[in-house]
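Next up: a single chain in structure tokens, the form predicted on its own.
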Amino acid sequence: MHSFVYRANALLTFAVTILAFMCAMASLSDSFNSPTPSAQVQVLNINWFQKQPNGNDEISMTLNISADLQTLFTWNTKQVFVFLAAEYETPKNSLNQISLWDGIIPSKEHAKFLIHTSNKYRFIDQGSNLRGKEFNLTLHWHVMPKTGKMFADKIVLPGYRLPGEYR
């Protein structure tokens, strides 16, 4: 006859094995999802474009951010972290990324949105490299599942240009 501790250990081991198998199956099921998110960003206004006393360029913009990220949600999705970044090149760096806005989307019902906002974070370049600069706005997202591996992707929206003179 087995002792109580031996039986409890066997039951706990079996339960944890079944739980791990179910988590693996849930994670595997997400690999069959082929999301097709869409996004558009409009720069409505350059509120100010100035040179700071230390020589750095600073910009404030008014943006319309429209996105449909509903296809990112499956039954295994806990939430989606999304952020908008300005990306550009300078002589020193081949890629500069500045986060302008971010948010957490808690459910599929909130995944289709239109936001009218100014940049939430300061758009500053170290130096005076931004006059007349072309840049891309890129919408990045990180899908956080209830179980399994987190994945990330982005949509690059090219074709934006900053003014040639300070305002």
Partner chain sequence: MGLVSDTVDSVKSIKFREALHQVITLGLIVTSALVIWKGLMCISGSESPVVVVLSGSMEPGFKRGDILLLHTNKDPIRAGDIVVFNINGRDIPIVHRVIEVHERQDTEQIYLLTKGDNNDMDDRVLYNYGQNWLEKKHILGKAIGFVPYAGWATIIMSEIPIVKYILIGAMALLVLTTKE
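Numbering follows the first chain given and starts at 1. Here the structure is a predicted model, which means the values were calculated and not measured.
Keep in mind that the form predicted in complex with its partner chain is missing from the display, and what follows is about it.
For the chain shown alone, residue 126 is a contact residue for its partner chain in the predicted complex, at least one non-hydrogen atom being within 4.5 angstroms. Contact check for residue 6: a non-hydrogen atom falls within 4.5 Å of its partner chain in the predicted complex. Residue contact check for residue 73: none of its heavy atoms lie within 4.5 Å of its partner chain in the predicted complex. Proximity of residue 43 to its partner chain in the predicted complex falls outside the 4.5 Å heavy atom cutoff.
Of the residues 142, 110, 131, 51, just one reaches its partner chain in the predicted complex with a heavy atom at 4.5 Å or closer; this is 142. From the list 34 to 42, 96 to 104, 59 to 67, 111 to 119, the contact stretch for its partner chain in the predicted complex under a 4.5 Å heavy atom rule is 96 to 104.
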